[in-house]
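Just the one chain here, the form predicted alone, laid out as C-alpha cells.
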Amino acid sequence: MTTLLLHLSDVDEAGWTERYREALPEVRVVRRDDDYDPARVDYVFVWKPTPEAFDGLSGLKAVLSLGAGVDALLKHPRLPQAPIVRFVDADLTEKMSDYVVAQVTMHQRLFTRFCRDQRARRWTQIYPPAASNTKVGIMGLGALGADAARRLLGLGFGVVGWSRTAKAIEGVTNFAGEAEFDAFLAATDILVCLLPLTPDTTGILNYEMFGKLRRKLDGGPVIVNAARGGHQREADIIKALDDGTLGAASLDVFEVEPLPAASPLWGLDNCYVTPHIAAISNIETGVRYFSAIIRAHEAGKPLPNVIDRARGY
C-alpha cells in the first residue's frame, strides 16, 4: 500500500491528516507519532521540517511542499534526493494578487500623503495620477507574478516585469537578466517583489537598488515585498524611507519573523506592515492538488511543478 507521511510544523497537522485520509482512502496516511516503517514511506508532505524529518525515508518517490516557495526546504541539511513538488494553487495565487492589487492601488492613490494631511488637519488638493500613468514593476514572473501582472493590467496600470530568463506576457514590457535590471528599475514607480529566494536574489531590495527606481510618483517610488524576508535589507529600507529615497513601502515578510517589537519599521508612517498573511495555503485546495498528484504518479504519470534544485525554484 502507498504510504503518505505528514510532517507539518506550525499548522494544523491533524486537520490535514484527516482530510487526506478522506481524499485518499487507498493510501495509508500517517503522522509523525503514528506507528509506521520510515523505509516504506512513498511520499512526505512537509512544512518547516525538523532536522530529523527525513531520517530513514529511503524509499521516497517525492517530497511534497506545502509552500509555493522552497528556499527554506532546500537548506535542510538532510534533504533527500527525491523530486520536490511545490504547491501551485489558484486559490493561493488569487490571494497573493488580491494583496498586491490592494497595496499598489493604495500607493497609486497617494495614501501616505493623504494620511499625513489628515493627521495635520491639512487640506491639500494634490491629484493622484491615473493608473495608466503609473508603472508597476513586478520582479518575478512565475505563476504569482504573471497573475498579479494580468490583474493590474486589467485595472489600467502600466506593467513592466523582470525575471531571470525572458518571459512573454501580453501587455507587459519584459526585462530579463542582470543586463536589463537597471532599465527595468528606471521604468518602475511601484516595485513589487514576487521573486523566489535564491543566493542571487538574497538582499536584492537594497539602498543602491532603491536609488535606481523612477521618481515620477509624488512622494517617491514605492516597494511592495510579499515574497521572502531574505530579499530585503531592512536597515536600507529604513534609511530610504527616512531620507526620501523611497516614498513608502508595504512589507508582508521580514528578515526575522515575527518582526521584533524593537524594529523601527513598526513606527514609520510610510511603512505598512502585515504579518506574513498575503497568501496562505488552503486545506481544501491543497489536499485536492496533492491527492491528484499522488494518484497520477502512482498511475505512472510524471510529477508536475518539480523544483530545479540548481536554480532554487
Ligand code: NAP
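We number the residues from 1 along the sequence you see. Bear in mind that the values here come from a model prediction, so they are computed numbers and not experimental data.
In what follows, reference is made to the form predicted in complex with the named molecule, a form of this protein that is not presented.
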Option touching the named molecule, based on a heavy atom within 4.5 Å in the model of the complex, out of V30, A68, L268, L60 = A68
Checked L205, L213, V85, L195 for heavy atoms within 4.5 Å of the named molecule in the model of the complex; positive is L195
Partner proximity in the model of the complex: F157 to the named molecule, non-hydrogen atom cutoff 4.5 Å = no
Can you check whether Q108 is within 4.5 Å of the named molecule in the model of the complex, heavy atom basis?
-> no
Partner contact for G142 in the model of the complex: the named molecule, 4.5 angstroms, heavy atom = yes
With heavy atoms only and a cut-off of 4.5 Å, decide whether V287 touches the named molecule in the model of the complex.
-> no
Stretch in contact, per heavy atom within 4.5 angstroms of the named molecule in the model of the complex, of 124 to 132, 235 to 243, 213 to 221, 143 to 151 = 143 to 151
Can you tell me which residues in 73 to 104 come within 4.5 angstroms of the named molecule in the model of the complex, by heavy atoms?
-> R86, L92, M96
